[in-house]
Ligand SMILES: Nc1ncnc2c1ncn2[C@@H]1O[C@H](COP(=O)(O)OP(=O)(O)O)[C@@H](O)[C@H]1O
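The chain below stands alone and is given as structure tokens, in the form predicted on its own.
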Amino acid sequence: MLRRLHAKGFKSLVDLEIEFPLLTVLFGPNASGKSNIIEAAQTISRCGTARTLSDAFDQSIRGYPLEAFSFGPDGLAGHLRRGAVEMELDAVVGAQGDDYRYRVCVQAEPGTGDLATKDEYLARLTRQGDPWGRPVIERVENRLRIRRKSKPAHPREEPTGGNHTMLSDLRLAGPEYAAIERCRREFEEWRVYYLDPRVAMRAARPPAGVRDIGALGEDIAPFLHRLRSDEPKRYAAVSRTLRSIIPSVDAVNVDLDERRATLDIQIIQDGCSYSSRVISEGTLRVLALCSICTNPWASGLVAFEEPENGVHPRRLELIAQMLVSLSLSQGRQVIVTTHSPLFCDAVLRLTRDRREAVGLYAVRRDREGTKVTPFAEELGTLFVDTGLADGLTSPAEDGLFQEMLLRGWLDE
């Protein structure tokens, strides 16, 4: 579980600290930095699990690696004129009943594109948030010191400037490095989704023993095929939930083409069978959310953007119910971005008795970078609160659309 994140020098997060309860909703206009908060969490998890830093900053992080470092007033050109740029990601993570503080400082050489670990820190925390004994990983001068359980007074040392983190080094495992292995495993369970119903979710895929639908939803067909075989009750729950959100859907099937050995999703809608090649983007998005919420093989943090996309506003209540259940009933940490006040209002109403487990944040951006403001717990109905309304309005087109929607000018 991610409890707190402090990002410095990551995209628009010039210097931002935010706490994450069990369910976090980040809302605000487009380009405010909501996605960057999720990406910062994803980046620290990948730095702790990927084989190299180049792998950690691969295509799952938007843009080139150098573009992940905060720009100055001179933009990318300024990066290229500098000798080096840095970012620091500092998180408090819950893993197997204990809290750990993990910090990594990554340096990039603009001229060569090389990435290196400049600093790294890992320590188990007490209930008061202080280090429990000596850090497991810490920088001492120009070296990283890694302590072993049986020989804490004789730590292992590695030079700084490597192309990977110590946390991701698979040689540091087992009882000797229990804290490192616990944090690494926690990071491995985090899932961030950027659903692509236009291409990735429509492509035919072969059967595979996948445990997830994939970051883009590209593995949704083999996932559902395996779910139907191994967990038929959960597969039925996917179909049942999809029908409740989109009443015109009768059933979901996953067909195996024996000649090509590929899988294709079939949606039975109003008595007709439709392939994933022609299913609407909204239906595919909702199917992906249903699959995520019923996944029996996942247990870690879940983050995704704008679940309201492609969903009629009258059905947002059901989407919110599904995500609240995933978080507060199933115990999975959920982070969601949105620019829909209807979705935020639904979450507030559904979690009125669990407000301590929910974080509702307004995300804005100014010349100094992204800013996050929590809203007071005593909020009642969302739309009568002027502060919240101000946080959700924007002079851009999305703000105008929300105003039209709230006034009832748009309907089915």
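Residue numbers run from 1 along the displayed sequence. The structure presented is a predicted model; accordingly, all values stated were derived computationally and were not measured.
Not pictured, yet referred to below: the form predicted in complex with the ligand.
Can you pick the one in Tyr274, Trp132, Tyr194, Phe71 that has a heavy atom within 4.5 Å of the ligand in the predicted complex? Looking at Tyr274, Trp132, Tyr194, Phe71 one by one, just Phe71 meets the 4.5 Å heavy-atom criterion.
Though only this chain appears here, would Ser12 touch the ligand in the predicted complex if you measure heavy atom gaps against 4.5 Å? Result yes; Ser12 sits at the interface with the ligand in the predicted complex.
Does at least one non-hydrogen atom of Gln42 fall within 4.5 angstroms of the ligand in the predicted complex? Flag for Gln42 set to no.
Determine whether any heavy atom of Arg62 comes within 4.5 Å of a heavy atom of the ligand in the predicted complex, and answer yes or no. Contact with the ligand, yes.
Even though the partner isn't displayed, in the predicted complex is Asn36 close enough to the ligand, meaning a heavy atom within 4.5 Å? Answer yes; at least one heavy atom of Asn36 falls within 4.5 Å of the ligand in the predicted complex.
Scan 335-369 and note down the residues that get a heavy atom within 4.5 Å of the ligand in the predicted complex; none is a fine answer too. Only Arg365 sits within 4.5 Å of the partner.
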